[in-house]
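The data below hold one chain only, encoded as structure tokens and taken in the form predicted on its own.
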């Protein structure tokens, strides 16, 4: 017997199609192969990895499929496992190696609670300084950016590299800027006290009171879906207090602005991402858009002519 604590694998897929309803790559393509269900059923039928590669690479790993699966299949984990069997993308592997080399020369993490900003936040030093000031946290010298890339692309993680990263984080309170890394840290550090960046900032009264009813609030999908059951209450309360609209559907699933794979690693947004963002905003006339993920500001600014702000910019 399987329990809720032990997610099932692809043989348990019954083909109910609920995951399609929330899948951005399915919405963009309307092709059953491009959905978690399509990948799971193809695996049941013995499809070769090469046949699955286009769908595996198109997946955003947003995690929206995981909370809606009635069979409790770890669909995101299934896709991440299969990506490890695909031929590596040289430019993305080079990015991972570059981040790893930068981490090798860092000092040990300072004592106390830490901020692991992630590559997107580190790319905006002024915003990073503001986030650190608001949260009152020291920044971890090694924020695991190379591990986040490896998780996304299916890259190899050397055991000694992982051990070095985790040794300085055991038992800490951590605020993590990369949603995919946060998902994995829940497994790597079961005793850690972990929060996503959006949740941590959204709990600050200095930010919360500046969210207006005319705003459209974009929840970072990966961090949200990785802790969906608990975070639903957080965002329902935030929405009730502030009156803002959010990118949550009736099932409390976060619809991401991305529709194509490796969204955090692109040099520029893909056409599918622009179409997904336009669909997300269709019929809406917000005064502002507020994002938890710094990488989504530039994307959303390309599809709507209103201010697009990171939460920290409200303070």
Partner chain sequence: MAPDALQGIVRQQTNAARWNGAGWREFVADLRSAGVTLAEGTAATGIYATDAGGTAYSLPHGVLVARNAAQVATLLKVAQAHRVPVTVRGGGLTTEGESVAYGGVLLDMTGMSRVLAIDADAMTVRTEAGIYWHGLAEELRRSGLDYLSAPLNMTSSVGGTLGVGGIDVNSARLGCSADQALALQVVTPTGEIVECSDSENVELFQRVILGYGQFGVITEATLKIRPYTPLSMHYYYYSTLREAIEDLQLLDANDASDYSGILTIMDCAVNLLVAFDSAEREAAFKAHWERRLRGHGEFGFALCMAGHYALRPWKLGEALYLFKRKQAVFPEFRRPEFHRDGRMEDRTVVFSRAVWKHWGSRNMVIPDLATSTDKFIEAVERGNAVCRKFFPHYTLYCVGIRLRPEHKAHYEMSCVPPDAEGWAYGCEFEPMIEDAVYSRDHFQSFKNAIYDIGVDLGASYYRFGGMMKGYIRRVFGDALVDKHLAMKRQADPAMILNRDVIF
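Residue numbers count along the first chain shown, from 1. Note that this is a predicted model, so its numbers are computed, not measured.
As for the form predicted together with its partner chain, it is not shown, yet the points below apply to it.
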item: 4.5 Å heavy atom contact, residue 236 to its partner chain in the predicted bound form; value: yes
item: Heavy atom of residue 287 within 4.5 Å of its partner chain in the predicted bound form; value: no
item: Non-hydrogen atom contact residue 263 with its partner chain in the predicted bound form at 4.5 angstroms; value: no
item: Distance check, residue 240 to its partner chain in the predicted bound form, heavy atom within 4.5 Å; value: yes
item: Its partner chain in the predicted bound form: contacting segment from 84-92, 224-232, 105-113, 143-151, heavy atom within 4.5 Å; value: 224-232
item: 101, 119 and 302 each touching its partner chain in the predicted bound form (heavy atom, 4.5 Å); value: no
item: Sequence-ordered residues of 37-59 touching its partner chain in the predicted bound form, heavy atom within 4.5 Å; value: 38, 41, 42, 45, 46, 47, 51, 52
